[in-house]
Structure formats: C-alpha cells, structure tokens
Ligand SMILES: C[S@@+](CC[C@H](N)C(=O)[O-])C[C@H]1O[C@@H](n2cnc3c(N)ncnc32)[C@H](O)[C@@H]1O
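The chain below stands alone and is given as structure tokens, in the form predicted on its own.
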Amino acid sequence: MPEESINYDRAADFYDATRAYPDGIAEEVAAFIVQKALLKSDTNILEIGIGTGRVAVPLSAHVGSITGIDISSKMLAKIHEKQASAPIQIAEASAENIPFAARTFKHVLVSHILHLVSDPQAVLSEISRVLKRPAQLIHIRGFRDNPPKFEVVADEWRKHRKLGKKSVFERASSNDFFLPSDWFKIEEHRFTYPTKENPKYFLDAIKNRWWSTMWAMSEPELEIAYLAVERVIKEQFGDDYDSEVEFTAGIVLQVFLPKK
C-alpha cells in the first residue's frame, strides 16, 4: 500500500500556537518574500499546502490574490476564521493532483511541505504542469540556529524520533528534491529574526505530539523519548524548565525556474 502524505487535521487546533512567528515577524516575512521574489500588487499566487494561512494571510496584503490547496479540511477551516477580507481562495486537494489546468499560474509558493508529501517528485511535476511560462516556483524552508545547550537536547530527540519514508530528507538538504534536469535555481536568500524558547516547550511538544515526526510513534516509544530528553534537559538546564533561551531562527527563500 503506498504511503500517504501527512495530513495535519490533528494539528489544526494547536498549529498556529506552536508554529507562530514572534510578534510582527509574519509581516516582515511577507514583505521579504515580496521583495526577493519580485511580487507585485496584481500578482496571483498558488500556494501548495496553504494550511492555516500562516504565510498566505500576511502575504495577501501585498499581492493580487492567493489560491491555496491543502489536504487538511480542518487546517483550511482556520483560514476562514482569520482571513477577513483577504483575497484568498482555498480548495481541499492533494498536491500530487493539483485541480487546475496546465499553465494557470505564473507563481507557485511551497513552504515547509516537500518533506511531508508521499512523492515529492510527483508534486514538483504537478507544479511544473500548472506553471505558466515564464514562471517561478518560490520554495521556503525554515531553520534555527540552536544555542549549544539546546542543540544537545535536539540531538537527543533526533535519536528517538521516527521519520517516515517521505521524510528522509532533512529541511537543510531539501535542495535534493529539485532535480537539476527539471529545475534551475536562480536565487537564494535568508531572512533571520531573534526568538526565544524554554526547555518546557520542548517537553510539552513531545508530550502533546505537536510535531509530525511524533505521530508515527507508539506511546511506549514516545515515553522513552520524553524521559531521555528530560534527562538531557536536566543535565543542561537543571530544574529551571521555564528559563528562556535566545537564539536566531529564519527562513531560506529559493526561486526556481522549470526547465521544461
């Protein structure tokens, strides 16, 4: 039986709270995307995996319209709650079978999605199909520069997490999805911002299964991971789980052109 893409229905109620940018940063990210991708006030964009509109809602203030697709009906419902008059149209659909005619969009946005789909090459092939020529694919992935103590904790978590077949690529190596025969990368830019996190957040994430790498884990597996991570946190931070640590996070924005 073929493996399915990860559906975020189970995360809809806590997604924004656990993935939110610091105050004001979402608007800065949107302005950064507009500047680097040379988007205009009449630009029409297709976003694959639009989710709750974390990127699309602030971005919609700068462009003509955004059309978004996602397989999660519950994530899409969250857009209705917050989009107000934003020019966003949504459809429940799979990235492997985009429900639009060939050569429909000049700009397609993909943010933090390719490591979640069952067949990244099929998704990229579909994106190429619906892109007009000339066209551009805007690919965004996140990163964080963990301070030393947090990196030790993250290393312990990596020993226990369960990655699906679709997630064998880490975000840092997501260039591997773009075959040189199919795509030409013309630009890459980084946007960084300061943020804070405490050890308690890391433990809460495991306990509540906030991250998709936890969803395939059994309760015994998750408990072992929790105890192992908690032990390392005690070694690094003592009993002060609420002590906030400052670090730098950000996004990498890449612009690709289809070769075919």
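Quantities reported herein were computed from a predicted structural model and do not represent experimental measurements. One-based numbering along the sequence shown.
Keep in mind that the form predicted in complex with the ligand is missing from the display, and what follows is about it.
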| query | finding |
| --- | --- |
| Close approach of Gln254 to the ligand in the predicted complex, 4.5 Å, heavy atom | no |
| 4.5 Å heavy atom contact, Thr104 and the ligand in the predicted complex | no |
| Any non-hydrogen atom of Ile50 within 4.5 angstroms of the ligand in the predicted complex | yes |
| Residue contact check: Met75 to the ligand in the predicted complex, 4.5 Å heavy atom | yes |
| Contact segment among 216-224, 32-40, 197-205, 65-73, judged by heavy atoms lying within 4.5 Å of the ligand in the predicted complex | 65-73 |
| Selected contact from Ile138, Ile90, Val153, Val117, since only one has a non-hydrogen atom within 4.5 angstroms of the ligand in the predicted complex | Val117 |
| Neighbours of the ligand in the predicted complex among 222-246 [non-hydrogen atom within 4.5 angstroms] | none |
